[in-house]
Every structure is written in C-alpha cells, then in structure tokens.
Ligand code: HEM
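Take a look at this single chain in structure tokens; it is the form predicted on its own.
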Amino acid sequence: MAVLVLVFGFSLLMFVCFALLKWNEIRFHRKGLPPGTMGWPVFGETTEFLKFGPDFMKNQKARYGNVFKSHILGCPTIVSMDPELNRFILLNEGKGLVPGYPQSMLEMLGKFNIGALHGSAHKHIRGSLLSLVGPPAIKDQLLSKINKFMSSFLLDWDGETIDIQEKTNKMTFLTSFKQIVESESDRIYEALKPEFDKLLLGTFSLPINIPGTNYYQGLQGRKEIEKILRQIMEERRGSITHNKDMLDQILKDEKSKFSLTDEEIIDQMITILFAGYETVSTTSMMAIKYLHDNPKALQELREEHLAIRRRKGAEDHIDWDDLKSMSFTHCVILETSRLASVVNGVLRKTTANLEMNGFVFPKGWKIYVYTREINYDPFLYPQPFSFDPWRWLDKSLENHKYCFIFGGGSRLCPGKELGIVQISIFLHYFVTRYRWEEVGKNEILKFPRVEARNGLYIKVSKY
C-alpha cells in the first residue's frame, strides 16, 4: 500500500510539473516567435541561466539556432546570438527599441541611471556623465588624482601575500569614490562599501522582495547609500568650502548646461561607482592573472613601463603623453577585456511588434543581445582562448563592426577612457615595482560575473 501511495504521489508531482511547464509555454505563445522554451511560471529559466550561463546559451543555440525565446530574470525574452542582428539592434535604438534592463538592476541603480534612459533624457544624462569622466576631464582634473592614489595604494607590498581580487576591488572603489566625494571618502568608506556590495549582488537577481533574498538585500543597500549621499549633499550645500571633485562640480557649477535633480545626481553617482567597480577591478585582477601565466607578454609590458620610468624623475607621475605611449598596455587591456568577458550582453525592450530575421519580436518583450560568444569567434580571433595581446596591434581589429567589448552605437561606454586610464596606471606601478607568483589553487568563475571564488592569492616581491 505504501508503495502505491509513493508511486501515485510521484506520478501526481510529475503531472503537475508537466502541466505548469506546458501552461507557461501556452501563456507566452505568439505566432511567428522564435523557437525555444519558457521554463516555469514566474521563475522561467532564470535558475538555469544564472547557474550554467554560457553552457545554457550554447545548449539552447544548438537546439534552436542563433535566435531563441526564453524567460529569464522575470521577463519573456528573445535571446540573439546572431552577430549581424546584434549589430543592427545596437545601432538602431529608438526604432521600436529602448533599454530593457531587468527590474532588479533598475531598482538598484535607479530609474535615472544612464542604462535605463533613452531619447533626450539619455542624451542629457550622457552629456553630464561625459563632462565628469570624458577625456577632457581626465586630462585636466582626474589624471593627477588617479596617479597620486595609485602610487600610494601600491606602496609597501614587498614580501606580502595578498588577495589581488580584494586589493583591486578596494582600489577601484576608492579611486572612483575619491573622484566623486574626495574629502569624505576615507571617513565613510567603511560604512558605504558593505552596502554597495549588497547593491551589487541585487543587480542580477529575481525581483522577490522578501528578507534573505539578494534582491531584498540589494534594496536595503541602496537605501543606505542614498541616505549617505543625501547627507553629504546637504553638508556641501551648507558649506562655503570648495571641493574639487565630481559632486561639487554637479552641485555648484551654475554655468553647467547639465543641471540635475537630487534624484538624478544620486543615480549618477551610484552609476559611476557601479560601472567602474565591476569592470575596472575585474579587468585589473584578470590582467595580473593572464600576465603571470604569459611571461613573454609580461616582459614586453614591463619594458614599456620601465622605459617610461627611465625618462622621468623618481617621484614624477604619469602624464597624458605617457598614457598615449602605452601601446602594448592598451593591447593587454583589450585582450583581457575580450578573454574575461565582464559584460556578457545588453538588454533591449520592444515598444512595438517588430519583424527581424524572419521572426516576430512581440511588443513589451525583452531582447538579450548576447555578445559574449563573439569574443571567442575563431574567425575574428584566431586561437580565441589564448591570451594574445599582440593581435590588437592591428588597429583595425578594435574598429571591427562586431567588436562590442565596450558596447556599441549610442550606448558605447562613456567611461571607457577613464577605465583604461585607471587600469594602465595600476599596471604601471605594479609591474615596475613588483614581481609576483600565485599561491595555492585559485579558481576563476566566468559567469554570471568574473570572479575568483575564494580569492586570487599572490606572493609579491620587489622588482
């Protein structure tokens, strides 16, 4: 009898599971949709996507082709792995397409973050952002600050065993934060950093707002960050002291054509912290990893930076001309960004029914422009899984129509130049001061974000 009950219970469970999966397929059925599966109600295929990432994408591509439907991060989504279609989507924003970031990311970064806006609002925020982090601002205001911080931060590492992931995380966060609120950065770093880590985890999560979930923790982190930033803004407005940082530039530059509301300012500051933290810290860490594993590349990079040091005084910092002479460093950064894909793709949302590649993209659906696999295309990059910075000496490669390392179209990363400068100066001081060896077994995860699961430990010695 017990066996029969067990068999019946199992059969009932299987029937319910099948019925739920079938119901979800019927619920999102539209004529002309790409093939694919929708997974479970509410959750869709988010668990499989976050857990297996690239393998999930490859399996779906093998079954359904370069364009397929799914349900990830709470939304019915069409995934495009077709290079030509991806390029078309990135270059044709506004023609039935707007940014489509998931609710979790919008809640964490704010509705006025540059990735969420389109049209005139996007142009206004982008203009404001470029006035803060674009090449003129880097050359005239930020370069000397980055130099001073990096030189000091990388002092006294000789003989230390360090977690380079932890170091680059802290380095990148502090670099960005000092540029935003220079005078208060040391005072509130310890309070702000844990809240920012919560926000970071919440950006890619299911929007389930109950205690214990990453989404809930992220929202709590966002609230605390807002509270801290608003307090600093109030103090600044009541002070006659002039601070030469980004926040003062926004608050007190009455001649600026990019005036922002308090909500826009907060979202702008959080966006700058988020964008730099995720990309610059990871690329810096992975550059150290790849250079360690490729002595020839490390030697060429070191020679380039030692040549710069020989023509400068011991205490002289890097200037704009020095940066422009770092041609091989630029190649190392591009190759690291390609091989360790921090940004796997971008999301768009349809504002009307669209027909592309013979399929119907329904109004209100998300499109995941999945660019990760292009980074490993053997036709573009021979031996694509090898670290080969010399390939980028061919300048045409960076301008190739399928090179989406820094985005594309009107969404080309506005902080691209600043990120390259930060990584270049970090590498300059690191390779001219130190040698290093890896310690222990260091596991690198590549999805949903690039990270060393248990840290990336290295033994540092004086060069």
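Residue numbers run from 1 along the displayed sequence. None of these values were measured; they are calculated from a predicted model.
Quick note: we don't show the form predicted together with the ligand, though the next part is all about it.
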- Tell me, please, which stretch of 221-229, 267-275, 75-83, 289-297 lies within 4.5 angstroms of the ligand in the predicted bound form when heavy atoms are compared? 267-275
- Query: Any of the heavy atoms of G415 lying within 4.5 Å of the ligand in the predicted bound form?
  - Reply: yes
- According to a 4.5 angstroms non-hydrogen atom cut-off, is I146 in contact with the ligand in the predicted bound form? no
- Query: Would K61 show up as a contact with the ligand in the predicted bound form if we use heavy atoms at 4.5 Å?
  - Reply: no
- Message: Can you tell me whether Y381 touches the ligand? I mean in the predicted bound form, with a 4.5 angstroms heavy atom cut-off.
- Response: no
- None of T175, T283, T329, S205 but one has a heavy atom within 4.5 Å of the ligand in the predicted bound form; the exception is T283
- Item | Residue among I164, I318, I374, I114 with a heavy atom within 4.5 Å of the ligand in the predicted bound form | I114
- Message: Does the ligand, in the predicted bound form, lie within 4.5 angstroms of each residue among K51, M108 and Q217, using heavy atoms as the measure?
- Response: no
- Message: At 4.5 Å, heavy atom to heavy atom, what parts of 126-150 sit next to the ligand in the predicted bound form? List them in sequence order, or say none.
- Response: R126, L129, V133
